[in-house]
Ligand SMILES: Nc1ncnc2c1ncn2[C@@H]1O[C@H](COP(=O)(O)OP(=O)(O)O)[C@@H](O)[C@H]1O
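A single chain comes next, written as C-alpha cells; it is the form predicted on its own.
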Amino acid sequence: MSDVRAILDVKDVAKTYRTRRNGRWQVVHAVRGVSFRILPQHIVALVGESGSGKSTIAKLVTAVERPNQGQIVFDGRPIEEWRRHLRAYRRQVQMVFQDPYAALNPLNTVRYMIGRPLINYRHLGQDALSDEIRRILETVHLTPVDEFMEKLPFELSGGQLQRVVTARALASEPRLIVADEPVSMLDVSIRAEILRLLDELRRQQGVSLLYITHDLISARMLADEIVVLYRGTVVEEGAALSVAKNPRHPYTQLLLRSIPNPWAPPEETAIDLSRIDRTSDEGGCVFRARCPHVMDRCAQEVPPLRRVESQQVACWLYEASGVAVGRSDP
C-alpha cells in the first residue's frame, strides 16, 4: 500500500490564531504538526473532542484557510499550487457539513440545490440535467425520486436532509469528501444508514473520505484508519479496528470509556471528559493535566510518536517498548 500515491497527504501541518482575551492578545495553537495521508478509496477518521483541531484541519484541507506551517498535497500537487485553480480544486474536494439545516437554503428545492453544481462544475445542459439529478438522488437512496425533486428543506427529515447535502457534494464528481460530524445531529436509528451510505459511496463511486467525528465507535465502523487528536496534536493513529479495540494512549482509552455502556461493570462506567484542560502550551505532553499516568517527564518533554505493535502512540509510557517513528513518504 505504501507504493500507492495518496490522494491527500498532510505533512507536519500547524495552524495558529490570535485572539484577544482580558485586553491582551494571545496565540491559540489549533493544530500542531499534524501528519496523515488518505489513499484512493480509503476513509481516514479524525477523532477527538471539541477543541481538538478537527474542524480546523477540515478548513485547511478544503483550502478555506492556509496553514502556518507544513504542506498539504492533493493528487500530487501542493494546495498552494491548486489555489491558482480553486474552481478545479473545489470540484474535486467537497464538504459535507455537520448541520444539514444550516447547510441548505430553505427557499431552494432539492432539484435546484443539486442542479447548481451540475451546471457550475460540469456545465450540463437542460437535456442532461434532469436525468443526472435523478441518478444522484437514486445514488443516495432518496427514492421514489419524483417525491423529492420539488421538496423544500422544511419538508424533509434530518436523515433526508443529510442525504441531500451528500448528493450535492457528489454532484461535482469529487475525488475526496470531507465529512465534518455528518451524523452527530441525527437520531441513532438514522446514523447507521448515513454511515452505510458513505461506505457505499467509497466502494461504488471511488470516493475517498476524511471523516471527522468525536465518536470512536462510528469511526471504527466506517474508517480504514483512525487518527486521534488532542488539542491539535496527534496522540495515536493506526488501523481503525486496532485503535478502537486496543487503544494505547491514555486519551484514546478515556474516549472509549466515555461512551455509555449499560453492560459495563461499575468500575468501568462512562466517565466525564468535559473538564477544561488549562495546561500551558509551552513544552511537555498536551494531555498531562488529565492523564491518570502523568509523570515528571510529561511536563518537560513532548513525547514523539512511537511504533507500539500496530499503532503509533505519543506517550512516554511506551518509551521502552516503542520505536520512535518519523514521517516515511513513499
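All residue numbers are counted from 1 along the displayed sequence. Quantities reported herein were computed from a predicted structural model and do not represent experimental measurements.
Below, we refer to the form predicted in complex with this ligand, which is not included among the displayed structures.
Student: Residue-level contact is defined here as any heavy atom of the residue lying within 4.5 Å of this ligand in the predicted complex; does residue 39 satisfy this criterion?
Tutor: Residue 39: no, not in contact with this ligand in the predicted complex.
Student: Using the partner position in the predicted complex, report whether residue 299 sits within 4.5 Å of this ligand, counting heavy atoms only.
Tutor: Contact check for residue 299: no, nothing within 4.5 Å of this ligand in the predicted complex.
Student: Within 4.5 Å, heavy atoms only: does residue 63 come near this ligand in the predicted complex?
Tutor: Looking in the predicted complex, residue contacts with this ligand do not include residue 63, since no heavy atom lies within 4.5 Å.
Student: Taking heavy atoms and a 4.5 Å cut-off, does residue 51 contact this ligand in the predicted complex?
Tutor: Yes, residue 51 lies within 4.5 Å of this ligand in the predicted complex.
Student: Name the stretch: of 66-74, 288-296, 301-309, 22-30, exactly one has residues whose heavy atoms fall within 4.5 Å of this ligand in the predicted complex.
Tutor: The contacting stretch here is 22-30.
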